[in-house]
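Quick setup: one chain, the form predicted on its own, written in structure tokens, and binding and motion questions come after.
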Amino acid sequence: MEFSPGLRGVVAGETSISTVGKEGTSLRYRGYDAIDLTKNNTYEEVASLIIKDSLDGDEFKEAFTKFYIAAIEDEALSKYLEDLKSLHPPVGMHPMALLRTIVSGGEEIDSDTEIELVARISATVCFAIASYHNTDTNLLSDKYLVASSLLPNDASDEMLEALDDMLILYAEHGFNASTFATRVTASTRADLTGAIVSGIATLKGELHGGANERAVELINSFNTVDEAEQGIYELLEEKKKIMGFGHGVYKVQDPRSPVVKNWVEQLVDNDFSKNRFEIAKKIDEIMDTEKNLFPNVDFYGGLLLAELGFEVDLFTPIFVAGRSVGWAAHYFEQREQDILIRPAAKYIGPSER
């Protein structure tokens, strides 16, 4: 039996949800170009597309609004979140650990439609994120509903649209690590909640969702463009990994990166932000010249989230807010296929003793 480390190149299942990296560049959700979707549609419409192959987002919006308002009014939930945040002082519980915990305790109602099941989880995740740093997000936008549940009430339309695009680009990405973990859990006939928790736990790793945090921390570690240039060359000489570059599937470019980079360029409005953007572009230039590596969505994506005012520890939770619909779609698809995922292993230990 042929062995492929990390299952690279192995076709582990069939899906009609998305195609990733075709011709080395593209990303499509059920046949629609994801970049075009950021131009013409909202996250709620894309969520509906991914879950039930329809761009009519009204059912998702109605369900999300109902569950988000219920979360706001749930005093027991708010107290539970505060109690969780206070654990492990003085640092406090990491928001990804908090999301794992809060989602795992969620209730699934048998009478809920697939959209309602997903919207319930999505609303819980968004409320937990908004509550983590006590952001006041009770005024929901009709056009950019989910984005407005994560940003402060005084966020501009431009900020809401930028985050909406980010959520669309995070929504789905084939058999990536967290989605595959979700499908493995689904293949055992576990419930949706358990499968989503598997996805959250997997996404926390820095080689997956956590890369956006590491990328911004790298950018923030330099004060000037010259300092960044010197620092990156030193890291390359030491053969250190530069987070946010290259991709396991895309071979030419990550099509999501130019979208988020463009938003960063539009949103920078002060000397600090402009300097940070110039530092990022210098790092990008060096990685292209020296390593022939392109930035993936995490590099400028993390910078975009920073410009939108999010603390670094919420970058990966925002990823969860976007990706939960993709995980759910794969859960439903795997349950319909009803095949237990159980690969073989190549034994490399000692022979008989």
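Note that the structure is predicted; figures quoted are calculated from it, not measured. Each residue number is its position in the shown sequence, starting from 1.
Omitted here: the form predicted together with a small molecule. The next part is about that form.
Engineer: Look at the stretches 54 to 62, 293 to 301, 31 to 39, 309 to 317 and give the one with heavy atoms within 4.5 Å of the small molecule in the predicted bound form.
Structural biologist: Looking at the partner contacts, the answer comes out as 293 to 301.
Engineer: Flag F222 as yes or no: does it have a non-hydrogen atom within 4.5 angstroms of any non-hydrogen atom of the small molecule in the predicted bound form?
Structural biologist: No, F222 sits far enough from the small molecule in the predicted bound form that none of its heavy atoms falls within 4.5 Å.
Engineer: According to a 4.5 angstroms non-hydrogen atom cut-off, is G244 in contact with the small molecule in the predicted bound form?
Structural biologist: Yes, G244 is a contact residue.
Engineer: Give a yes/no on whether I286 approaches the small molecule to within 4.5 Å in the predicted bound form, heavy atoms considered.
Structural biologist: Contact check for I286: no, nothing within 4.5 Å of the small molecule in the predicted bound form.
Engineer: Given that the small molecule is not shown alongside this chain, does A171 nevertheless sit within 4.5 Å of it in the predicted bound form, heavy atom to heavy atom?
Structural biologist: Looking in the predicted bound form, residue contacts with the small molecule do not include A171, since no heavy atom lies within 4.5 Å.
Engineer: Taking A228, G231 and K274 as a possible spot, do all three reach the small molecule in the predicted bound form with a heavy atom inside 4.5 Å?
Structural biologist: No, none of the three is in contact.
Engineer: Could you check which residue among A211, I279, V197, V146 gets a heavy atom within 4.5 Å of the small molecule in the predicted bound form?
Structural biologist: The residue in contact is A211.
Engineer: Using a 4.5 Å cut on heavy atoms, which of P152, G92, G248, G105 is close to the small molecule in the predicted bound form?
Structural biologist: Looking at the other structure, the residue within range turns out to be G248.
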